[in-house]
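The data below hold one chain only, encoded as structure tokens and taken in the form predicted alone.
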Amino acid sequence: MPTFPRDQWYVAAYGREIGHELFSRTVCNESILFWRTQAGSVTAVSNRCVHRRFPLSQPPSALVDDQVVCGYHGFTYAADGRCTAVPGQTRIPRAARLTSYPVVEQDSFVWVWIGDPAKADPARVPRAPWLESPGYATVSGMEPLRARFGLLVDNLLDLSHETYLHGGYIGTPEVAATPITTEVDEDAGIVYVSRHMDDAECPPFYSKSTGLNGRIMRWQDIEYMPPCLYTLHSRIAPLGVLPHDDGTDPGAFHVEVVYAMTPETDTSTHNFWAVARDFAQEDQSVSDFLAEQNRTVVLQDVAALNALEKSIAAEPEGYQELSINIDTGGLAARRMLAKLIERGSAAPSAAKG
């Protein structure tokens, strides 16, 4: 059975990663070639020549104007995947065409559709507007994970691990000690997990960036939109400071922690992360601090999940894991992902329903 859903949008890159040069990344076991055309749009096609399967990202393949020329035998392809030139003949075989992938560039991400292109609806690309909002300052990065995509989903839906894995950065005793609430919106395809700590220690990640010290109010409200996008709406405030009745919240500091979790292969993942804040927006020292701190936290997760992947690979057949109350969000996400996988694996006639 597949380990991730198809017929879905996945983040392939940050927009800043793709320029007018050849760039490749594997998404859901498919090697994809990207470049930004002279008009500024991003193109995505299969990263292998139809002739002898040479990787088009491999030198001496080259981008000439808006066409890629295979460095092995000179087959040339336009941005839409059409073959425009074949060496030694004028006739171009009808089969000489690269697979073209639907692409949407939005909220600093480049999204690519994996699956049936006829089902690709740009309106269904998940949003992360904070990452390009003038009201927020953002730092971001990507760390490769040598573990299956589902392990990262589990990790982010259960933040109780912050207490133990990320102590000294974002973890405090209250995170693991505070019960969560979990809601699932099947129609919208969103899993919500919330943990509100009304009297908590302020971890260094927030004390050094906001200036708050001692005891604080700390709220963590998660939205997971399977399969790819995760947002942690983090609220930090002095004790007793609550949002106003109209929803405004001037007495608090707000951080939007965004993860895009994209399967590379069945056992490796692209872990895109971003931290957007609505305070100290012009302070580069705060940006540098949050970038360094969050990358450290991400790398702690990477080390743990890489070890977990090895453990799972070596465990005996039929091994049963144990789940508890804090796992309700992760288990809900697993069920939703299983439905998406089943839907994407269905025969065309069944999928119409």
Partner chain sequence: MSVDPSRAARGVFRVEWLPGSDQLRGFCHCGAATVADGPVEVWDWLLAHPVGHDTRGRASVPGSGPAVLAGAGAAP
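What you see is a predicted model, and the numbers here were worked out from it, not measured in a lab. Numbering follows the first chain given and starts at 1.
Below: the form predicted together with its partner chain, not depicted.
Note on the interface: of 26-34, 39-47, 316-324, 299-307, the segment with non-hydrogen atoms within 4.5 angstroms of its partner chain in the model of the complex is 316-324. Interface residue among Val86, Met225, Ala200, Ile180 relative to its partner chain in the model of the complex, by the heavy atom within 4.5 Å criterion: Ile180.
The partner is absent here; in the model of the complex, the one residue of Lys208, His233, Arg82, Arg127 having a heavy atom within 4.5 Å of its partner chain is His233. Not one of Ala137, Phe279 and Asp288 comes within 4.5 Å of its partner chain in the model of the complex, counting any heavy atom. In the model of the complex, at least one heavy atom of Tyr192 sits within 4.5 Å of its partner chain. In the model of the complex, no heavy atom of Ala338 sits within 4.5 Å of its partner chain.
Remark: Asn294 does not count among the residues lining its partner chain in the model of the complex, judged by a heavy atom distance of 4.5 Å or less. Within this chain, Lys119 is remote from the site of its partner chain in the model of the complex, having no heavy atom within 4.5 Å.
Interface residues of 183-215, taken as those with a heavy atom within 4.5 Å of its partner chain in the model of the complex (partner not displayed): Glu183, Val184, Asp185, Glu186, Asp187, Tyr192, Ser194, His196, in sequence order.
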